[in-house]
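Shown next as structure tokens: one chain only, the form predicted on its own.
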């Protein structure tokens, strides 16, 4: 399995660490032999080596701020798209930054890789939320896989649960906490902090960006419910076609009053169908304390899947993190190896 990394930041390095750590296990348990034939990164430099790049050495260079081009191989001076066009690989690992509004440049990376007959694994929400049907169709036409477990709950395998474990069930609704940053803020507000102070704590811990709009205005969760709506119900809308409200209007007094009524505020993403029409929405909700989602505190994610066979099934786990998101890419690599 020849791997091509497009993006070697937090997520790419998280996967690389797992590949180095689990190389022997992957071969023994799944028969996976892999080599990394290329790495493209805007900041760390780009390198190709048909004989295989030493991932442990690449991680060391990236960690020390040195250029990847100092490693054995050939420095690549073109951009990521040019590397995909010219380097022969079996799987492209697309882990560049997310642009929910345009999906670029990641969509172009994925499209070109699929056109060349390469499998694609990505954690990038933009292309999947905006162009899922097109990319999935292209993958089928080319006889390759387009997998994106890490786009919804990072390493917590919700998409695998829906595709594999709940196969044969009709999914009536998905409802959950899809953004750990806002859940952390609401948790701290319940402890007595004002919104601004809770946000500052989230920023200090690295949960929230300096400009936190994608989290607190609900856009990150919106991209995720759009992906779920497209995967589960073949929805045609783009993220901003669905209603979305964040947590910025919730006050500490609102949280206290909800708790007195036996409820707890959560930012909830929902996906469901009305007749043949797929619906999705993100908004704060007062969740009853008896519901599994009410007990999810801090930066954790959780989704309740309502089915016709088992009733409610709730999956809980981390929704972000270097190793966790890297693991989501590893899940998809193993899926490709199993099916090939």
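Only a predicted model underlies this, so the values are computations on that prediction, with no experimental measurement involved. Take the two forms, find the largest set of C-alpha atoms that superpose within 1.5 Å, and that set is the rigid core. Numbering follows the first chain given and starts at 1.
Missing here is the form predicted in complex with a small molecule; even so, the following discussion is about that form.
- Across the options 258-266, 83-91, 131-139, 214-222, residues that bring heavy atoms within 4.5 Å of the small molecule in the predicted bound form belong to 214-222.
- A single residue from the set 187, 96, 156, 181 has any heavy atom within 4.5 angstroms of the small molecule in the predicted bound form; that residue is 181.
- When the small molecule is considered in the predicted bound form, only one residue from 170, 204, 209, 191 comes within 4.5 Å through any heavy atom, namely 209.
- Taking the partner from elsewhere, residue 125 is found to have a heavy atom lying within 4.5 Å of the small molecule in the predicted bound form.
- Although the partner is absent here, residue 319 sits close enough that one of its heavy atoms falls within 4.5 Å of the small molecule in the predicted bound form.
- With the core superposed, residue 207 shows a C-alpha displacement of at least 2 Å between the shown form and the other one.
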